[in-house]
Every structure is written in structure tokens, then in C-alpha cells.
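Just one chain is shown here, as C-alpha cells, and it is the form predicted alone.
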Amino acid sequence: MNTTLFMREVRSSYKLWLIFIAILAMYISVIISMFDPKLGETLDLFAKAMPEMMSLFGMGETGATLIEFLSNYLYGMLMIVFPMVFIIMLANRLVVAHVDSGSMTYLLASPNTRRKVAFTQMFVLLSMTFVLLVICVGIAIGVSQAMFPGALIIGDFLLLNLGLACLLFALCGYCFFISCISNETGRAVMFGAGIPTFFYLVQMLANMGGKLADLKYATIFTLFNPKAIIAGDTSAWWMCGALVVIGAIFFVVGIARFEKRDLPL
């Protein structure tokens, strides 16, 4: 890894990173503040009145505990969608944007191999994504302890976020792969953003159940199951392991392809 390049990319992307942290911090605080037995009853009544609509957004019953509430109303959508958007944007800026603008010429003209450049960009993507997640976890624990002392089972909450980290790793791998094999930013965005968004929409339809339930087998988002993780179901960790393997394959293939392909420089 090239430390100079790493720090340069972090400096150029930290404003985007801070924006997403601010957005997620706001939503995390709002969602946690909604954990109120009276409000929970209202939300349950709404879920029973419109079960398909609530399930569409990954929100079932509120749950009896704070962690169950958060797994439905925070980890059912918000903690997946916002980090996914951040990953898509950052992955495109790290590789294909340099190729498209011609600045990749200067990076490769320095005493750095293509592999070193690719590995450095990969570490930028992973480090900024997972530090974002760690900060969000810290905010959630802090807000929970301040509003509802002792209500959040921190061990289970950390395991829930470990599962989310596996999903984000898979998304990082895919978006980085698309960025490595693309020459134009527009095309990279089309596939890098379009396919994950399509898979998430499929997941939303599968959440509605009924005849659409089998759609869950067509998307990787099914491999992240917050309820199973909280319940201690061992199958949840096999699925998380599959996400790590998927991400690793995309990273390896993406870097290998970037090393060997002709670049329009």
C-alpha cells in the first residue's frame, strides 16, 4: 500500500464521509428516541393495518426490546441503504473516475505498480466504510445509554453490526470490481449503483411475503438477517461468511483485471 496515495484519497473524500456520518447520526438518534412503549403500540397497530407496506421497508413489529426495535426500524433499511450509497460513490471516485479523467496516468507514472495502486484504493474504500460503521455504532450505543440506560444489550448489538459489516464488505467488493473494470464513470455508476439497487428492490418485494417471498433467493441482501443474528441462529453466520467470500472474490478479480487490462490513458 502507498501511504501517500492513501492519505491523499482520504483527504479528498472526507467531506463526503462526514456528510454520511452526519445523516446517519441524525437518523440513529431519531430512531432510538422513538423507542417508547406507547409509540411502539401505535407502530404495531399501523403494522397490523398495513403489514405489506411495513414489510416492504423491512419493518415488522416494534419488538419488546431496544435491540429488536433497532433491528426493525434502523437495520431493516437505513443502515443498509445509506452506507450502500456511500460505497457506490466512493468506489467510483477511487478508480474509474481517475481513468475517466486521465489522472490515472500520473498515478501509474509514479514508482507504483498497478497492483499497489489498486490495493491502496481498496484499503481507502474499506477503511472509510468501516470507520463510518464504527462511528455509527458508537453513536447508537451512546444515545441508547443516554436515553434508555441499560436497555441496549451491547454484546448482541455488536454482533448485529458485525453481520452488517459482512454485507458492507460484499457491497464494497462488488462496487470496487465494477470501478476496476470500467473506463467511464457513467457506465460504472449504471452497473455499480443499478445492480445493488435492483437487488435491494427485489429484497423489499420479498419482504412482503406471499407469492413474492421466493424472490429472497435472488438477492444477496437476504444473507444479512438481523433477526436471526439477534436470536443466535448459527445459520445467520454461515450466510455472513458467504458475504465475506463474495466480497473477497470481487476484490481479487477486480484487482487482477485492473492489472492486466488496457487502460485508455
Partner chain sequence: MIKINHLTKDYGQQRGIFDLTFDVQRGEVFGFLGPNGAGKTTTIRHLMGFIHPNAGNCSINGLDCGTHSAEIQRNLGYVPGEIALPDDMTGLEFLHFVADYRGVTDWARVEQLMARFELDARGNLKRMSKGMKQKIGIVCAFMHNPQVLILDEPTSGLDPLMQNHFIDLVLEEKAKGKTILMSSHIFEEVERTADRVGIIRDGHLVTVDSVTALKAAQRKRYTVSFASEKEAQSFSQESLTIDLLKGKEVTVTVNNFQPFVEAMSRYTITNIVAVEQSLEEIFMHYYGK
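Since this is a predicted model, take the numbers as computed values, not measurements. Residue numbers count along the first chain shown, from 1.
The protein also exists as the form predicted together with the partner chain; that form is not presented, and the subsequent description refers to it.
Residue heavy atoms within 4.5 Å of the partner chain in the predicted bound form occur in exactly one stretch of 103-111, 161-169, 141-149, 190-198, and that stretch is 103-111. This chain is drawn without the partner chain; in the predicted bound form, the residue among V117, V137, M77, I88 with a heavy atom within 4.5 Å of it is V117.
Contacts with the partner chain in the predicted bound form, taken as any heavy atom within 4.5 Å, map within 5-27 to L5, R8, S12.
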